[in-house]
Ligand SMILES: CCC1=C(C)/C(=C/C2=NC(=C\c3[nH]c(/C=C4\NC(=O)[C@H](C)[C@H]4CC)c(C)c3CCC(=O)O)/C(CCC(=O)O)=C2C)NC1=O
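As a starting point, one isolated chain is supplied in structure tokens, in the form predicted alone.
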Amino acid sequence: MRDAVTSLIKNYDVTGRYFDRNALDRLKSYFETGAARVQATAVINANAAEIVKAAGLRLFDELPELIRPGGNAYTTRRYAACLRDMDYYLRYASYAVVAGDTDVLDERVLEGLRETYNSLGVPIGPTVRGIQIMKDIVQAQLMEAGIAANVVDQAFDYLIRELSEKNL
């Protein structure tokens, strides 16, 4: 797993270049947002169970067919698996927030996930919606705590974008 600094260094090292203005601006932004990213992650960590529970309730309120007979979250076992997966996405999003980089999401979450979900018949649309709901909840909590809510955008938006259906 890399953070924004090691990713940047690797990219420049591979091409044998010195840092240019863009690289220095990215480093500056990374360090300037460091405290807010750590504070945001502390809020996520302290409220993770509440965030997942609220997101699950909101998701199932919006898409009640998921918890009806035949739905993908029907039965206690499937419902619990859905909440477990939401917690998994939230935890890894918090890692990406601290790192200021999405590499951890590719390495630990996204590689093969779409194929796994498709093979198991897990609908991706509701998964994406659940992640968006968690992002909204986290941002509201951050704003309430006086922390810049946009520091979580990169991580959640990356998950959403990479899991979303793509037109080929």
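Each residue number is its position in the shown sequence, starting from 1. All values derive from a computational prediction rather than experimental measurement.
There is another form of the same protein, the form predicted in complex with this ligand; it is not shown, and what comes next is about it.
Peer 1: Could you spot which one of 109, 138, 99, 52 gets a heavy atom to within 4.5 Å of this ligand in the model of the complex?
Peer 2: Contact residue from the list: 109.
Peer 1: Just one of 43-51, 139-147, 123-131, 30-38 has residues with a heavy atom within 4.5 Å of this ligand in the model of the complex, so point it out.
Peer 2: Of the stretches listed, the one contacting the partner is 123-131.
Peer 1: Residue 95: heavy atom within 4.5 Å of this ligand in the model of the complex?
Peer 2: Heavy-atom contact with this ligand at 4.5 Å: absent for residue 95.
Peer 1: Using a 4.5 Å heavy atom cut-off, state whether residue 86 contacts this ligand in the model of the complex.
Peer 2: Residue 86: contacts this ligand in the model of the complex.
Peer 1: Whether residue 116 contacts this ligand in the model of the complex should be assessed with a 4.5 Å heavy atom distance threshold; does it?
Peer 2: Taking the distances in the model of the complex, the answer for residue 116 is yes, it comes within 4.5 Å of this ligand.
Peer 1: Look up in the model of the complex whether residue 90 has a non-hydrogen atom within 4.5 angstroms of this ligand, and give yes or no.
Peer 2: Outside the cut-off, so no.
Peer 1: Taking this ligand in the model of the complex, which residues of 63-90 have any heavy atom within 4.5 Å of it?
Peer 2: 66, 72, 73, 77, 78, 81, 82, 84, 85, 86, 88, 89, in sequence order.
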